[in-house]
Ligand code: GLN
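Below you will find one chain, with nothing else, as structure tokens; this is the form predicted on its own, and questions on how it binds or moves follow later.
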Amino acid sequence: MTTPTAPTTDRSFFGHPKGLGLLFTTEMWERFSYYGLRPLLILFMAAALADGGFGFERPQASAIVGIYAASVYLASLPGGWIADRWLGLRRAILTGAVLITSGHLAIGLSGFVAGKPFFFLGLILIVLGTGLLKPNISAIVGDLYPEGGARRDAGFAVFYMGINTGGFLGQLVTGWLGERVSWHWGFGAAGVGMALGLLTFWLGAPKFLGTIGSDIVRHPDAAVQAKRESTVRNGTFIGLGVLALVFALAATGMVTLDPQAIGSAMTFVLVGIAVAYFAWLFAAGGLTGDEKKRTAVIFVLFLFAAIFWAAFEQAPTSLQLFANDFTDRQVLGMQVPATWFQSVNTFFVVLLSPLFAAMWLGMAKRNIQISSPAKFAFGLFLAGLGFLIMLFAAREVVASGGKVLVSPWWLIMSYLLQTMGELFLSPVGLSSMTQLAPRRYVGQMMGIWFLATSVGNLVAGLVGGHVDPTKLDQTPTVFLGTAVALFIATAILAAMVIPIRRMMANVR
């Protein structure tokens, strides 16, 4: 008999542990569902009632998309806390997958039962489920590489390719069904993908992950541990109760909610949550001197990641509307769905991720190290170039009075540059969180990373609704403002690279 290979030392999945293959597949199906649903939302909600939509104004629909996406990532913070203190990583992932699947089922049925209440109930269930699944599956990826280093970065790059494989396929399938057959057929297809992800993880985790993520880090005093778990349980149930009350009041018309006003207020709330959390961590988190330095670096990366996502996450709002209204979509005599342009980014990620993974490993072998802040600065700069390109496309539309449909290559080149920026920033950010975070806070730090994405999604939603054929002059302003913000952020972060690198001197 042979001794089984430990899950963290196994290299049978293209040089990585087999557990990475399981997590790759699970996340691929979860992203199939998420990205398959997302681009349909603004088109569906802004579509006239006669076309099967809700007939919302564009800024209102865009704000709802921003709030939804922001809430998805915001939920990662309590999701990490619940996993760290109560459920453990694996049970949190399974619970989240069940909630997401239920949410897609509710949205799919909303065309037949209860209309808007079922639709928004489905969005809420997806938010809750993703908050449990998203940060904790990434944390398990980090646990597969206890040695750290470039191999961990490469592992996250492979994992990131799984995310975007799912996103690419999801947007093609649901986009075609949603725009060509029925909105609710597209929504239903996204739910089928999530159900497959649930089954994959449920059946494969015991075999491929061993005991990784099956339990929490427990306090040596059983009484203290029991109190911790009770606090998390009670807090979770109270939060769910408040959410259920607000939903019931809105669904019955007793309370009217203004998405744009809510989105504006949430911007300040989310940034305040981040500042308060880091202040608490430094004051009462029991961190050592080295852990405080690492946490300070996480805070800086959080700020610049939020700026990047505020631009990048305009894909389902401003760029989706630009593709729908101002882009020539005729290919071989067929008009392709506007949502298919959302798959351009994910196609480039799948294509380029292996090249970036190989590049990091090749540079490490030659002892060439680029720090995480430097990679972030490159990512911000490339995203800025992507929006600068869209400025020229928008000006061409304005010059024609909205009568000319521009070449799809404007969007394709913009997405290429944004994707390269994403690959410099996102997988590196995921890896940095697992490297820098104190072990007892790793789930929460993954939640903080996704909180940056939450802030970015919210800002993108508030900005993105200002692409409108009836108000042409707004479109160049949106793209110019985004590009300028990215270039300013690049310059500031570049000036901070050397001090931050010194603070990270002991990080493997």
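Numbers follow the displayed sequence, beginning with 1. Small disclaimer: the values here were computed from a predicted structure and weren't measured.
As for the form predicted together with the named molecule, it is not shown, yet the points below apply to it.
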- prompt: Counting only non-hydrogen atoms and a 4.5 angstroms cut-off, does Thr453 reach the named molecule in the model of the complex?
  reply: yes
- prompt: Is Thr419 one of the residues lying within 4.5 Å of the named molecule in the model of the complex, judged by heavy atom distances?
  reply: no
query: So, in the model of the complex, is Ser414 in contact with the named molecule at a 4.5 angstroms heavy atom limit?
result: no
query: Should Trp309 be classed as touching the named molecule in the model of the complex when contacts are defined as heavy atoms within 4.5 Å?
result: yes
- prompt: Even though the named molecule is not shown here, does it sit in the model of the complex so that Lys134, Tyr160 and Ser426 each have a heavy atom within 4.5 Å?
  reply: yes
statement: Note: exactly one of Tyr73, Trp183, Phe322, Phe387 sits with a heavy atom within 4.5 Å of the named molecule in the model of the complex, namely Tyr73
field: Location of the named molecule contact in the model of the complex, chosen stretch of 272 to 280, 351 to 359, 78 to 86, 309 to 317 [non-hydrogen atom, 4.5 Å]
entry: 309 to 317
